[in-house]
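A single chain, nothing else alongside it, follows as structure tokens in the form predicted alone.
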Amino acid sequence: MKIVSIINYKGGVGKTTVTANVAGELANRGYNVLMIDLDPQASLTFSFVTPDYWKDELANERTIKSWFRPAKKNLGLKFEELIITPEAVESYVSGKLDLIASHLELINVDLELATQLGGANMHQAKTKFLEVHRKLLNGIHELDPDLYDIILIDCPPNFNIVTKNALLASDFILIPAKPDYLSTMGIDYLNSSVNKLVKDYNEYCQIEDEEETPPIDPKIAGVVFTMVQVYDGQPISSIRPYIAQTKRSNVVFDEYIRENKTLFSEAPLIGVPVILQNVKTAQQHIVSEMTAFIDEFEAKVLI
């Protein structure tokens, strides 16, 4: 089972679109896929379930927010109890496509987690650091390892404790980015932040304890450019310098996802990712490009 976090410090870069379509296509190819929505905006959640369903069936006890509550409030809760299978997309895939929904109040969870850090001495502080930052990984470890081939985690555009939980649980990190100044300038900083987090975590793992905590080594799968404006079959000239600059210091996928606000914004209304829809002939090139990117992703992460 591979675990992949999808993240960029900059919001509005098509992160959720990438997550939903990669998940949908991999499930269409026969993989068993679990999506975890860690973004308080819950865009991935509402790409597969309606707000009414979320409010009536999920909001109280069946979102990822419940998992991050203090242990005394979570007595008896099992991670698998948070998993749902979105009905709208079931008939479109041959594998499994499941979801753990987000919650609009997830933003407050980070403050609660921060209060659990600290300790009377360095050993206690490091032990609590591991406990707080392993909450998500501990939940994933509760699952049957053969239940899913891949878990895709849609992260918020920040580096808070919830995000760190995702990164520390991951085998790979995928970075969607628009080819513009704001979206690309934070990629190197994200890489360095991840490296420092992993270094600190692995050092804390060396604490002598009854139970050894294994070190981690998440890999950067690469940067995928999204919302790309295309003219005459290639990215427009004004964005090419950002693509070239990013390639000089990062692994970048060959394929990109071009911009089509109407096509991608309408997909959540029916709860089915664009890549699984029978789109118009004039838009088929978008699906073809996205399929080619997922071919790259599959070869790098799953094969």
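The shown structure was predicted, so the numbers you read here are calculated from the model rather than taken from an experiment. Residue positions are given as counts along the sequence shown, with the first one as 1.
The form predicted in complex with a small molecule is left out here; the points below concern that form.
Shown alone here, L167 lies farther than 4.5 Å from the small molecule in the model of the complex, counting heavy atoms only.
In the model of the complex, at least one heavy atom of N260 sits within 4.5 Å of the small molecule. When contacts are judged by a 4.5 Å heavy atom cut-off, P157 counts as touching the small molecule in the model of the complex. Heavy atoms of M227 reach within 4.5 Å of the small molecule in the model of the complex, making it an interface residue.
Put simply, of S265, Q234, N60, S249 only one has a heavy atom within 4.5 Å of the small molecule in the model of the complex, and it is S265.
The partner is not drawn, yet in the model of the complex one stretch among 24-32, 237-245, 38-46, 62-70 has residues with heavy atoms inside 4.5 Å of the small molecule: 38-46.
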